[in-house]
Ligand code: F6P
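One chain is shown next in structure tokens, namely the form predicted alone.
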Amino acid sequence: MKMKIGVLSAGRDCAGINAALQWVVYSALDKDLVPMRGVMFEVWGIIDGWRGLIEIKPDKKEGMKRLVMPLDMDLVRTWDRSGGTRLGTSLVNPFDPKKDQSEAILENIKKLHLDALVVVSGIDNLGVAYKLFREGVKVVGIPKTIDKDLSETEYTLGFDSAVNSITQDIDRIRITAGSHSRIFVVETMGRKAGWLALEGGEATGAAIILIPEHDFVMERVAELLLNRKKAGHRYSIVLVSEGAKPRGMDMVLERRGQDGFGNYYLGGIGGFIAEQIEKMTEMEVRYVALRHLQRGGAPTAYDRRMGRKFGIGAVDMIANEDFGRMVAWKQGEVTTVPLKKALERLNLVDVEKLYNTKDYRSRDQTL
């Protein structure tokens, strides 16, 4: 039996995606596994995520070359070393109520004769995958998001690389902060989940960590910083998630509006905090937003290994006809979970167990 697999990355990029794509191809095309699986695969990469599946014209060769490509072992041999996604991605929502383009995707999947679809994405685009599954598409998902906010899996591709990036950047910031005896407010990504700030703060020994799961009091932030100054600390790092907010206030939004999934673009809370600290303490403060630096760079060894495990797991799911599910990492093993269940809730920081709400840092952090 032969099966034609389509694979795409959707949503925002991160390190580790290419490792997953590489091992989807390696596992699918491993001839030694054909007798055991009873199926031969061919793999096609979809360019630019859902946009590619919408805009592709299977009846026109030129359109085919631009938006879909055959993948083989030689082509993907070095992909695992690269950050981002070699297939490209987009923020298009095929089920956007303002412009529903899901019918075009369903039609093109049929025209391309795809027997199964592997989707590497976060919660919004795995939601798209689940909707397509309900429409009859044989879908499997691979979790990737630097926010680590997907439930039913203990790891999502990109998180470890992002935390390492935050750690390296703050190590650099600490040098100038100490030299000039300044406070630095550093803003990380993290819309509703504070994992990046929390674990990045643990790794760097940040003086204060502010996360979306617990609204902070600005006066308490100022008090903690003044106490550190009185104790003789030359500088302080305040690490804040983009989705964190002072008690009684809304999240700080950018002016760009919303993406196709209705999510407002966040950014600027760090600047607000920096201004307030200066007003309340008269100390010198600088503000740095790491933004897309957290997504860039080569994947860490851990993300390369997890990409390998998830890519192999996704092909095994197809061979076993385990559709409508997501490959997951639980208790040190690769497993699968229903997409529906993975989408029911977010994986958020357990404030009671992990966060010190009085001193705004992790519970096991001592300064």
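In this text, residue numbers run from 1 along the sequence as written. Keep in mind that what you see is a predicted model, and the values were worked out from it rather than measured.
A second form of this protein, the form predicted in complex with ligand F6P, is not displayed here; the remarks below concern that form.
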According to a 4.5 angstroms non-hydrogen atom cut-off, is residue 190 in contact with ligand F6P in the predicted bound form? yes
Wondering, does residue 80 line up within 4.5 Å of ligand F6P in the predicted bound form on heavy atoms? no
Classify residue 214 as contacting or not contacting ligand F6P in the predicted bound form by the rule of any non-hydrogen atom within 4.5 angstroms, answering yes or no. no
Might residue 86 be said to contact ligand F6P in the predicted bound form, defining contact as any heavy atom within 4.5 Å? no
Per-stretch contact check against ligand F6P in the predicted bound form, the hit in 223 to 231, 111 to 119, 287 to 295, 179 to 187 (non-hydrogen atom, 4.5 angstroms): 287 to 295
May I ask whether 199, 240 and 346 each come within 4.5 Å of ligand F6P in the predicted bound form, counting any non-hydrogen atom? no
In the predicted bound form, the residue from 91, 73, 283, 104 that sits within 4.5 Å of ligand F6P by heavy atoms: 91
Sequence-ordered list of residues in 1 to 37 near ligand F6P in the predicted bound form, where near means a heavy atom within 4.5 Å: 12
